[in-house]
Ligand SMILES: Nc1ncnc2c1ncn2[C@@H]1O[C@H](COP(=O)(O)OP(=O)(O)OP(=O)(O)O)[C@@H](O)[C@H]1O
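Taking the form predicted on its own, here's one chain by itself in structure tokens.
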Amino acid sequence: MKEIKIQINDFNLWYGGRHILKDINLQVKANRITAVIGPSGCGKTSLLRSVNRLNELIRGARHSGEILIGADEIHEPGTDVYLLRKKVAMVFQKPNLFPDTIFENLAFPLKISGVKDKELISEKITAAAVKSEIWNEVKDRMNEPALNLSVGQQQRLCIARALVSEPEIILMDEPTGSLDPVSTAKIENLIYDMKKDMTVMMVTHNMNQAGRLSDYTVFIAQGSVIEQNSTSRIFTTPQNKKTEGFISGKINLFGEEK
């Protein structure tokens, strides 16, 4: 039985007067891929951002309930948010590289955490780039601008940068949403391999992708968890008519019946 890596209890989130997430109860087990699916605007990304407290960067955001990483409640007074985000990394839909060299992008998480040993930085960068299957494409281009890379390469570089700090959890918000099929296949292979070493929580609008990659699926609509179960059961024998309608395409990405 896999340990519970993320435990979310009665979690609510508001942006000002808007109630975004409503009484979320969810367990994410270690070393597996959990897909979060649902109509556009239903709260999927907000749920991901809640797990490493990125929502606190939004003015007027407030919450109730709790989120535990292992045994630690992430909102406890004195929690080091930097260390939390080092443990819980995030990759966004569009590559968010700095206008700097490939090397400096990869080294950034280490340098801001105080690592100065050049040999250690080089070792960690190489390991992360190899794991992200980008090493052979960038090893001779480390001093070139990262933005010179293709979009698919940039996204793999973002994944490598997230892996440099050796996180326990990686949050992925539609990581292939802006990529071509070849780049998507490469990223999917990376994601599948990641669960050997970490826990993956991934938002996707691609039902085929959720079915291919994930072990567990959570369906959210209008800020609430409608159904959660093993991916095989969610996609073959959903218990809720809304889930069935969304997966079958009878309900579109905006939650409207077709």
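Counting begins at 1, following the sequence as shown. Because the structure is predicted, anything quoted here is derived from the model rather than measured.
The protein also exists as the form predicted in complex with the named molecule; that form is not presented, and the subsequent description refers to it.
Heavy atoms within 4.5 Å of the named molecule in the predicted bound form are found in one stretch of 62 to 70, 36 to 44, 228 to 236, 192 to 200, which is 36 to 44. Although the partner is absent from this view, M207 stays clear of the named molecule in the predicted bound form, with no non-hydrogen atom inside 4.5 angstroms.
Under a 4.5 angstroms non-hydrogen atom cutoff, the named molecule in the predicted bound form has I20 among its neighbouring residues.
At a distance threshold of 4.5 angstroms between non-hydrogen atoms, I58 is in contact with the named molecule in the predicted bound form. Shown without its partner, the chain has E174 as the single residue in segment 154 to 186 with a non-hydrogen atom within 4.5 angstroms of the named molecule in the predicted bound form.
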